[in-house]
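Presented as structure tokens, the chain that follows is alone, the form predicted on its own.
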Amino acid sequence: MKQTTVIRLKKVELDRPVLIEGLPGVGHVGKLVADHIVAELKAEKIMEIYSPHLPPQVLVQGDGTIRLVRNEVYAYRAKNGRDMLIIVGDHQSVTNEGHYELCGVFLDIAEEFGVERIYTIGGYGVGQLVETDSVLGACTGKEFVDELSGYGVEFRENEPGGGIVGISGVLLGLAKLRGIEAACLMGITSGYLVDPKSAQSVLKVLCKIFGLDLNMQALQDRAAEMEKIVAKLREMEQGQQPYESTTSEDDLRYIG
């Protein structure tokens, strides 16, 4: 494979959909949010995207068969509300060139369907365990900033300090060049662990924006399990519990 390849699985008609991107990143926040939306809305997979810029590996499935890592595009046709295109997948690009190439592919798809707004989802890693449900934002235009502020999204001067790295940032920049409004919603997270609590915070904002009423029980259950791990980590930090007590198989399955 020498270039990114898009395999179209199903043709759908959508009415000016929004595009939501949720690939794996800091805290897996984006992936958790996008996967949850796809599952709850029962969105249809319409495309698979393969690229030499994704990691060189296959995934072994439950039945022992394998598949190449990929990104996927799902479509949701709303009876009331906004139609959606949702980008999910196994990995982001592992090369700088790949980020630009894949974002170009995503934007070509967005233009094909008449997308006028894009939301990228990510985690804002602060390097320490946190207890907050804040969602930070960044937008391509000031009017969009003002609109999202009304939904509780926070815009802090010079944060994130190093900018937004990876697809969630590059997609915004390239969307602006094409005249498409775009915003990044970032759940605050430690950056150390998969963070379903942070994902839940971002999902609540999206539900407000689109008037969705999604069942969040799956994320709540995962968040409760992660809280147990976080509590043990805090005890370790305070020297109240030996390291060996946190290394059972039951604990480790929630990390990563």
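We number the residues from 1 along the sequence you see. Since we're looking at a predicted model, the values are computed, not measured.
The same protein also exists as the form predicted together with another copy of the chain; that form is not shown, yet it is the one meant from here on.
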| property | result |
| --- | --- |
| Another copy of the chain in the predicted bound form: contacted by all of 142, 159 and 163, heavy atom 4.5 Å | yes |
| Partner proximity in the predicted bound form: residue 99 to another copy of the chain, non-hydrogen atom cutoff 4.5 Å | yes |
| Another copy of the chain contact in the predicted bound form: residue 226, any heavy atom under 4.5 Å | no |
| 4.5 angstroms heavy atom contact with another copy of the chain in the predicted bound form for residue 155 | yes |
| Distance check, residue 190 to another copy of the chain in the predicted bound form, heavy atom within 4.5 Å | no |
| Interface residue in the predicted bound form among 88, 84, 130, 170, criterion: non-hydrogen atom within 4.5 angstroms of another copy of the chain | 170 |
| Options 43-51, 191-199, 214-222, 26-34; stretch whose heavy atom lies within 4.5 Å of another copy of the chain in the predicted bound form | 43-51 |
